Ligand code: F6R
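Single chain ahead, written as structure tokens, the form predicted on its own.
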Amino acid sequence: MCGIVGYIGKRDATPVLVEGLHRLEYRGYDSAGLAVIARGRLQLTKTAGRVQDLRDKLGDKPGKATVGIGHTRWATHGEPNETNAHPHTDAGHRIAVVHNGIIENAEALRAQLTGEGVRFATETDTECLAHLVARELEASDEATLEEAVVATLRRVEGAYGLAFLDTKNPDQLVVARNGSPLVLGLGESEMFVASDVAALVRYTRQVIYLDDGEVATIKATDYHTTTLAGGAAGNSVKTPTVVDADADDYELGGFSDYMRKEIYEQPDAIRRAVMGRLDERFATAKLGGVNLDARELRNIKRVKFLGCGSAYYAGQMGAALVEELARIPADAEPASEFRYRSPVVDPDTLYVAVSQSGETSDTLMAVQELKRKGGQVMGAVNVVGSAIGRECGHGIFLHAGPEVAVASTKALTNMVVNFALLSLLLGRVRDLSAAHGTRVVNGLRNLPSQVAGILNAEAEIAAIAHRYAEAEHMFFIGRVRGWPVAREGAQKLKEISYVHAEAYQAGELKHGPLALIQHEMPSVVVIPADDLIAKNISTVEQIKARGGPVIAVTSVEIPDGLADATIRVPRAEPELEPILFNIPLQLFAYHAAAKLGRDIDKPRNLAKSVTVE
């Protein structure tokens, strides 16, 4: 969850580190800090709060250091205060370390070190790593920093992305990865390290993605990688990758925040997702990354989507698309639950691991569980070189472009668009007719302009959101295609406005939730253009009869006065309508949060990339 950054080269390290932390702040913003080596001594600056607070604390001090590490924190062990902020050091302030992840055996390591006389300054799991590395170096004058780190990590259980700084070896950084992302950036006589390429693209587009179990020693002019196996067997060769992004992709570009910017980028994101993937001649889709031929696709008997949060709800929408277009049984499941329930893994099932970052810990571990059990799994990710993408080896690249806001918008939309492409592909090797295939192809081509039309109605949606923003509780109601849309809509409102919102299937209202309906409880009801319009209107009438305000989100004409407010969505091909219904609910949540004065891009207690359990 946390963001780490490191630099070694000829520049003043501090501005590079602070800029990198600013780019990574979506990963955590409880506290921030950095450590540099200047004149042979470790200089540590930490603060509770945001990266801007750290920048203010540093002021305009002249540059003295050309090597350093930095961290922006999402708290796991210990309160989010200045003391527990990273970097952490050993007692002698020789070693500094920053960490993204959780050390699962930290208590045992701390107890052992305490018994040996070590006095801890913080409540964190990370501090024990600085003490352990320092003790390894003290035990042997000939030990290198890399050897000390490797020896320490062989005693560690858990997930980590780490960067170590040693005042007695100021010409190098040692970094390591296990379960938390870490990327090296290759510059001209300078090197970078970060949790995400977002912190690197201002300086270089040549990157190395570390794999789990790898350790790298970085100097200004070179680097080498090894593994925890050590020795000759541990040497690993890494080939640089060119990142298809630049610094402008991470700029606000005139928008006040990233969420609204990314909402408005959705028409272009959809165009990228379908570009070159629609086969009009055969009324199908082309997804080269799936890497399955027609016979293999026909042998798939079931599809299961695995994801967390919005990715899970996108998977539910994807499962509906697969069943409708390909007539294959399909469902979605939270990846966080999957491996803990001893799942029955069917060799004829295609498992799809869904993650914007490609680093979501729960989803990655579900992939690893599937591979251990012989399951066929592919990734659906938005980051090239991500752990899930590499672990799966094949799948679908979302083409959403960089997404910075914690609340996912364009990545969610592109997930569902890509699942429509997958469903079309599966359907056309089965019984979906060419006529229906052409209908879906045309529907996908129309989506960008339809999304743009919804965005043009932002002012009306904002007015409705402002009208209901003060509600303490809200229902989101949907049926069949509308059900996962309702779940995602409630998720958006909860995470950025802090309004308590629950999603219910329309038919379940009368089995309990209707007891909560009252004047102070608005309900957002999703009404697509399907065979259930009459039933959805009946749901609205049931809510209204009990005094509950209704906000209808619909692509059909409903009776005048039925709803207290109506948000119109353009008609699309029925299977694709959930894609469009998500857009006004994003705007509704955004403007409700704005009305309440929330920090939209950085909602409390959350972070963008969940890399810990």
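Note that residue numbering begins at 1 and tracks the sequence as displayed. All values derive from a computational prediction rather than experimental measurement.
The following text describes the form predicted in complex with the named molecule, which does not appear among the structures shown.
Novice: Report yes if all three of E146, A148 and T225 come within 4.5 Å of the named molecule in the predicted bound form by some heavy atom, otherwise no.
Specialist: No: none of E146, A148 and T225 comes within 4.5 Å of the named molecule in the predicted bound form.
Novice: If contact means any heavy atom within 4.5 Å, which of 160 to 168, 110 to 118, 534 to 542, 399 to 407 contacts the named molecule in the predicted bound form?
Specialist: Going by heavy atoms within 4.5 Å, the stretch is 399 to 407.
Novice: Counting only non-hydrogen atoms and a 4.5 angstroms cut-off, does E391 reach the named molecule in the predicted bound form?
Specialist: Close contact is absent here: in the predicted bound form, E391 is far from the named molecule, nothing within 4.5 Å, heavy atoms only.
Novice: With the partner left out of view, is H131 within 4.5 angstroms of the named molecule in the predicted bound form by any non-hydrogen atom?
Specialist: Contact check for H131: no, nothing within 4.5 Å of the named molecule in the predicted bound form.
Novice: Using a 4.5 angstroms cut-off on non-hydrogen atoms, would I477 count as touching the named molecule in the predicted bound form?
Specialist: No.
Novice: Answer for T204 alone: is it within 4.5 Å of the named molecule in the predicted bound form, judged on heavy atom distances?
Specialist: No, T204 stays farther than 4.5 Å from the named molecule in the predicted bound form.
Novice: Have a look at S357, S423, T413, S523 for me and say which one sits with a heavy atom within 4.5 Å of the named molecule in the predicted bound form.
Specialist: None of the others qualify; the residue that does is S357.
Novice: Taking 4.5 Å between heavy atoms as the contact cutoff, choose which of T152, T89, T76, S310 touches the named molecule in the predicted bound form.
Specialist: Only one option qualifies, and that one is S310.
Novice: Do any residues of 473 to 496 have a non-hydrogen atom within 4.5 angstroms of the named molecule in the predicted bound form? If so, which ones, in sequence order?
Specialist: The stretch 473 to 496, when checked against the named molecule in the predicted bound form, contributes Q491, K492, E495 at the 4.5 Å heavy-atom cut-off.
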